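As structure tokens, the next two blocks hold two forms of the same chain, structure 1 and structure 2.
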Structure 1
């Protein structure tokens, strides 16, 4: 497949005054251009005195992504979706991970308890706090006054951005007016209501989701709203589940993304929305077994959408502690997908204390690949092992890949041992290395002048290793007898 066309740094550089003024926070104009393309700086960071309006407009056109971004929410709780310029993550990278929202409804008996749970939901995993991105409030009452009162109450109680869900324009507007400063997302404009929803969006300066299962009709709704003056739109081509329908849903989403990102179509240039929660409109479980089956289908549909970079998914499950596995599965999967494939995620090499180590505590070794170091550290903490952790610079590669490619070698380990004065912290010279680096054990012993113990293949086995295999006195005797 042909790669997405992207402006070259030189194209943008030629439009700058090339004064290297450093007022943007970068040392040179070329450094600014590079960071601009990677979205680490904004065009506004270049002072107007150095960039005339005409050239600024030219650069804006050059860096505009084929899929436009959409923002809802306000302040530090802003949610940004879309804005992608890669069809596949290995082409460039995905900049805005899929936003995950959980739906509630205005007649829900324990509504405030649920929204507070969603707002406070956080799981720490691999050095990152995983959270939800929005709460979708559906109007089941279809009562404008009741809906507006409920939305205002929720808005005053939570920090997450809100999505207002109703096909009734009067219901949407009644609530949107109450919280317009929070910039909620309006869901949804259809062929029946688009004029009224569009007027509301323009009056309150709010973004809108367009909905239709017919792609031609969906494009027509979006185009009509653009002509009215609505500037921020998203497209929901419908989420239909059941035998044979999942493929149809996926195909519609892929057609929109293909048309906008690869072909640069002005008609489909907006973020995409999927609603796995719609499965609950057709399935009504009556037992625990049936309930799990429906939740599982919903989770699989959401995972499918995450896999193809849908900009926003709205799910039903996740409102209670018993359902926590659904959003947790999605956030874990999202964390794994939305990393930059061109950059090995690394942490700093170093020598770290875990717990309260003594002079006889073990020293474990790992790589500076982020997805290796952090789980190893967490496993040691979970096992309550007071110890030291030596993190070797493997250029951001994991243990197995580092050993195979030479980025993790006995020389590298010996260098780290000396640089960080590892054995000055203890009264022994024993180093525990990962099982995947076992073939380096002899060379490390020679180069680092230590006794090497080969630990488990996975750090989750360290507790058992300490209970059954750790024998410092025996290890030091063997070291001294060499």
Structure 2
């Protein structure tokens, strides 16, 4: 089971006309096949005249993931979840990052301010803008008119896709009908209301989340809805955390995961939903301290769900600037886990210009670990320091780890200095090394024949370093005096 059952490239290649027509934007049909399997190109990009419907259908079947994808939202503001085929991240890669939605409710006093905040929320990290994926609106009023009015108002003023939350089909439908073109996700169909929610979903052509903490009941709801004609479904097996509950919650998620992605069962082929926000219905914080504890509990429940590739999580914390640390941790974790594991942590060693360096510009040194080199480069750019960056081959390890394990040593630095003819680019012999590599400073001076300045512990301090500590004349004087 460790191996993901994937279509082989040749299986697909045989079904193409192998004309290498280039109309898909690839040079060859084989390249198209490789990119198709990596989901970098869509099957529709192969023009009909080159691929008859019958063969197209065969390929579709071959590349169909064991977990169906589901889309909600419309136009540019789509939220695409599920569609996974790797049981473990290292088996292949996770394709669709867990969507993170923050929830609000129709009677919320400052609702419009909050949804605007959520809509515009963005964190810039390592070259990527991290944003939320959806807003979930609950009906606390349980009043169809009020809910419909509120949902419409929110829908008109935000871009994010919406999730409509109520167990009352009438309430759900009243709002869904108003914004059906924006294709909201309906939450949720239960054993009690599934017929009416299903009817609403069919009439308005909307996707539905099924909810039950009993797995037999959950697949029964899904199965019954499918039989009725609902095609887009997601499964929420319930989120309860705490002593005696945490294992059950994880068990349910994992049973669905084993069944769908490992075993390929038809009954569980839908994306999954987790609702860490539901913790707030059980844990009622009454003090500042308790509030903090529940926020932690919620955040870590979401972390657990991201870890096991749950398709969508709905959280409560994160509505205000003050609570930014919750979505920050989640979005950072998501950025990590949904990175393709086939991308090696190592980047090319080398000697790079940043900005427009002169003969007196500083030379900074760093490692060739992706997560070191990229942030360091970004920090130097952000600080507008015209300079050179020497990236030493540390076998893809960070500075601290490299110093500890010997992959970053004075020999390695000297080798890089010589190989890249580093000091030919400038009129000095000063090398700024990371604070984390301070222990190596003496040895580097000897081995690389240069003057070493120990820079800040973190590259975010480089601007301050340039203002306060960078003194080329002084450094060169000391170098020449030796």
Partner chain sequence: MSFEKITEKLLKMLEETDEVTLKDLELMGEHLEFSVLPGIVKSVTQSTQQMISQVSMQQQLKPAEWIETKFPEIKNEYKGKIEEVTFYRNKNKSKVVIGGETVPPFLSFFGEKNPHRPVVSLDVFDYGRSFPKPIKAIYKDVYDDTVAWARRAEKFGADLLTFHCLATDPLLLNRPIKEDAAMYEKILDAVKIPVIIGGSGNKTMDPQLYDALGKIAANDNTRTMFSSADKETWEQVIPLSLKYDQNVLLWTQLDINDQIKLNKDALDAGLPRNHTVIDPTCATLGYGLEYSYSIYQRYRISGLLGDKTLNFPTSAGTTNAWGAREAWMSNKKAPQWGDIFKRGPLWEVTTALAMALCGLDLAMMFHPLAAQTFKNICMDFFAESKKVTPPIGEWVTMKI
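Numbering follows the first chain given and starts at 1. Whichever C-alpha set is largest while still superposing within 1.5 Å between the two forms counts as the rigid core. Because the structure is predicted, anything quoted here is derived from the model rather than measured.
- Note that the form predicted together with its partner chain is the one shown as structure 2, not structure 1.
- Residue displacement note: residue 352 has its CA displaced by at least 2 Å between structures 1 and 2 (rigid core superposed).
- Put the two forms on the same core and the Cα of residue 128 is off by less than 2 Å between structures 1 and 2.
- After superposing the rigid core, the C-alpha of residue 404 moves by 2 Å or more between structures 1 and 2.
- Fit the two forms on the rigid core and the C-alpha of residue 388 turns out 3.8 Å off between structures 1 and 2.
- Once the two forms are overlaid on the core, residue 466 shows a Cα shift of 5.0 Å between structures 1 and 2.
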